[in-house]
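Given next, in structure tokens, is a single chain: the form predicted alone.
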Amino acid sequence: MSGTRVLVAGASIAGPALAHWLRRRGAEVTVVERAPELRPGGQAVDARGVAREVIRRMGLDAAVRAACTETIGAHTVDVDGNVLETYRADDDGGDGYISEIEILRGDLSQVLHDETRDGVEYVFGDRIAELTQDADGVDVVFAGGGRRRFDLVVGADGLHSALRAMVFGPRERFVRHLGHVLAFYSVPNEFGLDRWLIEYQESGSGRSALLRPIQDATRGMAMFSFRAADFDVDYRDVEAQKRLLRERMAGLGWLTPRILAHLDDTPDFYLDQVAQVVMDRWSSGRVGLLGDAAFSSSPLSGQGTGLALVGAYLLAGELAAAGWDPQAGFAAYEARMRSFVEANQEIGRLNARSRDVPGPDAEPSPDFAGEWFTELVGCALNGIELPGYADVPDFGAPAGTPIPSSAKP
């Protein structure tokens, strides 16, 4: 074992995924999460393209698939519920609008936590309050009063990353709002959901409502989307967010009133802006960033989870390959990830544009039928190589999931 001590901030998806690979490479890992426990529910997230190979190499393919939503397709409907278009989970080899691997964010987080908790130290209900780094390590002061020293610190604490603000500067410098807001929460399944997602988009307003099935057949997951170039609600003020959602959804037809009727009794409400994080670099000394904290591509890219999983694999692998030297390891990780990130962020921006309300100052809606878009999607799904890291230690690789020695270094 290397004995390298790594602190990871954030226990959603990127953090536990990184903890898995850091532990496999021989590091001693601590994950700190400000929430008192794992957050349940959330939006459905997808693993497409090369991200599916990362899950296989983790030895978690069966566990992830067992927790999937089992959605077999999607219908877009008009205000009266009449089907306009149909998409199936096996379209485009399982990488289409409905992914072959589709799982609620909270369920994937639980799978990753369950797999890592015996070999990783998890600290819930605490956060990094201060950190000071020198040539040999990072001194961390926790909000709970603890003080510890680590060799490396990685921020995997999401779009609103506190660690990013602490080390790199205020969020306004890096967060790019795409002009939309999304809200998610679970509701009783009084809508007859049965393995099919249903979405209604109101023409000309940029508003939409969606219902999707989840594993618990007695409940479903609702999602609302609306235009909001001036979004300024505190992302921690849940009551203000619910008021905003009611205001913006007023008058939207279809099943909207029935879905909103459950707003006050849902256990897992979440609302936030659709935004990307754009940074010139993802590390500073011994501190690095991963996932949405570093390169959020927004939910409209469909690839936020894929970026987190692939990034976790590469970050741990490159740090170990560099002998845990932060400058070399972080630089190699960024060099491998940058073009992959940029392709996925471009898809997020294009999808946001396609939802914009037409107007004299609006950019034209993208032509998704062009060959250029097919090429872009290919880059976003599979445009990155996963090294085998044959010369890097692998402690505790799952049986039956060998990493191919033929993979390019």
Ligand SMILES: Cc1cc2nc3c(=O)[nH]c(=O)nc-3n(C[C@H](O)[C@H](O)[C@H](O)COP(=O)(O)OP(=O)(O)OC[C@H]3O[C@@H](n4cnc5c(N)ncnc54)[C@H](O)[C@@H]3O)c2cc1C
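From 1 onward, residues are counted along the sequence shown. Because the structure is predicted, anything quoted here is derived from the model rather than measured.
One more form of this protein should be noted, the form predicted together with the ligand, which is absent from this view; the next part is about it.
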Report summary line: The listed residue (Pro366, Gly42, Gly59, Gly26) that reaches within 4.5 Å of the ligand in the model of the complex by any heavy atom is Gly42
Query raised in the report: Of these, Tyr333, Phe184, Phe174, Phe150, which has a heavy atom no more than 4.5 Å from the ligand in the model of the complex?
Result: Phe184
Report summary line: Among 60 to 68, 341 to 349, 376 to 384, 42 to 50, the stretch whose residues bring a heavy atom within 4.5 Å of the ligand in the model of the complex is 42 to 50
**Report entry** Proximity of Gly304 to the ligand in the model of the complex, heavy atoms at 4.5 Å
**Finding:** yes
**Report entry** Interface membership of Glu202, the ligand in the model of the complex, 4.5 Å heavy atom rule
**Finding:** no
Query - Distance check, Gly158 to the ligand in the model of the complex, heavy atom within 4.5 Å - result: yes
**Report entry** Gly220, heavy atom within 4.5 angstroms of the ligand in the model of the complex
**Finding:** no
Query raised in the report: Looking at the ligand in the model of the complex, do all three of Asp107, Ile214 and His262 come within 4.5 Å of it through at least one heavy atom?
Result: no
Requested in this report: Using the arrangement in the model of the complex, list in sequence order the residues of 268 to 292 with any heavy atom within 4.5 angstroms of the ligand.
Outcome: Tyr270, Leu290, Gly291, Asp292
